[in-house]
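Presented as structure tokens, the chain that follows is alone, the form predicted alone.
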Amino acid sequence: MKLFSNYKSAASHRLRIALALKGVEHTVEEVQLAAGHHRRPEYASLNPMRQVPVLIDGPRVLIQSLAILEYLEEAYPEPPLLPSDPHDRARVRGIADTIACEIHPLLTRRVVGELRTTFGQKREQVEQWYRHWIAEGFSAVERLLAEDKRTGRFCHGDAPSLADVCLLPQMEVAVANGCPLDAYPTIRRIAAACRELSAFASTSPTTADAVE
């Protein structure tokens, strides 16, 4: 198994965490986005969107971090990242999707690059963009976590789930970009619990470098 990853990519970080939690042996190939490695024809043949991550498992090529996380959950079910109860599974997926589908896409290198080049936004304006969408998304996630008794040490209960796998990388992005986080005590508490686990800490970029 090989993971094509970028160390600063939150989507790639999700998979590094999940693979570490499940103890799945794999190699990692760093895709240097700043150098344009994702635009090379050989990489585009793996993922026509020219994005990270990509996971190769034998002859199979898998794309999109949430789809790959679901694949890992099915192929390597221990330890589980989704609860057994259907309602609880939907809750965890809902939190994960809020982060990965509503917050993250607005903060990627591709979007921020367009803001700077095509639309001529200055650094200060891009920072405002980050802070606005982190605030919009984290306010929702904070409520989902703080107002539900199923939240425990982690997003759902006392073991990490798919929601935590998505939460911590987005938290690293928020910290790196100087987003105010005082209004999200539950998120901050859960992120701290995640960082205590080696699967999260050992796969994390330094916060100074986590930018997307």
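Each residue number is its position in the shown sequence, starting from 1. This structure is a prediction, so every number in the text was calculated from the model and none was measured.
Although it is not shown, the form predicted in complex with a further copy of the same chain is what the next lines describe.
Colleague: Is residue 30 a contact residue for a further copy of the same chain in the predicted bound form, using a 4.5 Å heavy atom cut-off?
Modeller: The answer is no: residue 30 has no heavy atom within 4.5 Å of a further copy of the same chain.
Colleague: Although a further copy of the same chain is absent from this view, report whether residue 150 comes within 4.5 Å of it in the predicted bound form, heavy atoms only.
Modeller: Flag for residue 150 set to yes.
Colleague: Taking 4.5 angstroms as the cut-off for heavy atoms, does residue 48 touch a further copy of the same chain in the predicted bound form?
Modeller: Yes, contact at 4.5 Å.
Colleague: With the partner left out of view, is residue 63 within 4.5 angstroms of a further copy of the same chain in the predicted bound form by any non-hydrogen atom?
Modeller: Residue 63: contacts a further copy of the same chain in the predicted bound form.
Colleague: Check, residue by residue, if 183, 198 and 205 all come within 4.5 Å of a further copy of the same chain in the predicted bound form, counting heavy atoms only.
Modeller: No, none of the three is in contact.
Colleague: Counting only non-hydrogen atoms, which stretch in 22-30, 183-191, 170-178, 142-150 is within 4.5 Å of a further copy of the same chain in the predicted bound form?
Modeller: Every other range fails; the passing one is 142-150.
Colleague: Do any residues of 127-153 have a non-hydrogen atom within 4.5 angstroms of a further copy of the same chain in the predicted bound form? If so, which ones, in sequence order?
Modeller: Heavy-atom contacts to a further copy of the same chain in the predicted bound form: 128, 129, 132, 133, 136, 137, 140, 143, 144, 150.
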